[in-house]
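Quick heads-up: it's one chain on its own, the form predicted alone, in structure tokens.
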């Protein structure tokens, strides 16, 4: 009887539904914390984003669309899309290869390889741009050789592509490594034991297993590629109409006090980012369980 009363009292004191609560704070505490988070996000993220569109349309839709008729702005938009179209597929190949090596094999120097993959996260983009200037600039050891062969890297499109690849490299690899480690190698080993070739195993087993995580990483990589400023600013030379991407063009327009055009280009860049965010949200909503493995580390 005594034991039953103790069990009854403990159940009465701690209702079953309270066992599922992650915290024991009162409702008003949770609402306050949520309110603070919402207000902070609104002031820091939503309000500035809205102001970009407000300033872009301040002088009317005609002035807004006229900003995109400028040849320099059109060149900046084209260059931004071109750089992303080159950098993202290359990072896709490099990211899958790096994730495959890290997740499927044990070898000497594996920890060092992971450190190299994370290096762009810890190094300032400006520093990464300076590295390419030191490697391929006119005063570098390779400078005279490149000049003699009429090869332009710094202050040209190749330098912008290289800098963009560097700063966006970790996104795809870092999305795939935890996912592939979580899945293990059982499916690949089974396919190989049944006579599948390496390429067949990759295309019919590995790739379908990582497709949503891969797409998630590509979206993040693409968003960063289009919005990169620091590294591109160093290697581009700010040659208007030739080596200026959208972020650089926005800075130039703003410094020229052409605020409407600057905010118009900024709004286009923001819309591209929002489209990426929408796709990212759809992926998380529809394939949340499959993507969960990519964020366990």
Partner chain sequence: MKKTARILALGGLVAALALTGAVTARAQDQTLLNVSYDPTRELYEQFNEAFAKHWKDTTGGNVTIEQSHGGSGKQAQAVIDGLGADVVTLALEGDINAIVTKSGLIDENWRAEFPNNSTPYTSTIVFLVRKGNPKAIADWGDLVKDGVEVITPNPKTSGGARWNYLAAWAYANKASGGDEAKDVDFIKQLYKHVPVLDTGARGSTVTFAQKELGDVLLAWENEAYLVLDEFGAENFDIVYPPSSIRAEPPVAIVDKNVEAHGTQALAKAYLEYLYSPEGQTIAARNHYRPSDPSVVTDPALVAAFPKIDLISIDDPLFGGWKTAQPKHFGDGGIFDQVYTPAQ
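Because the structure is predicted, anything quoted here is derived from the model rather than measured. Residue numbers count along the first chain shown, from 1.
The same protein has a further form, the form predicted in complex with the partner chain, not shown here; the description that follows concerns it.
So in the model of the complex, does residue 154 come within 4.5 Å of the partner chain, heavy atom to heavy atom?
-> Close contact exists here: in the model of the complex, residue 154 approaches the partner chain to within 4.5 Å, heavy atoms only.
Using 4.5 Å between non-hydrogen atoms, is residue 57 touching the partner chain in the model of the complex?
-> So residue 57 does not count as contacting the partner chain.
Please run the contact check for residue 259 against the partner chain in the model of the complex: heavy atoms, 4.5 angstroms, yes or no?
-> Residue-level check for residue 259: yes, a contact with the partner chain.
How about residue 133: is it within 4.5 Å of the partner chain in the model of the complex, going by heavy atoms?
-> Taking the distances in the model of the complex, the answer for residue 133 is yes, it comes within 4.5 Å of the partner chain.
Which residues within 199 to 215 place at least one heavy atom within 4.5 Å of the partner chain in the model of the complex?
-> Result: 199, 203, 207.
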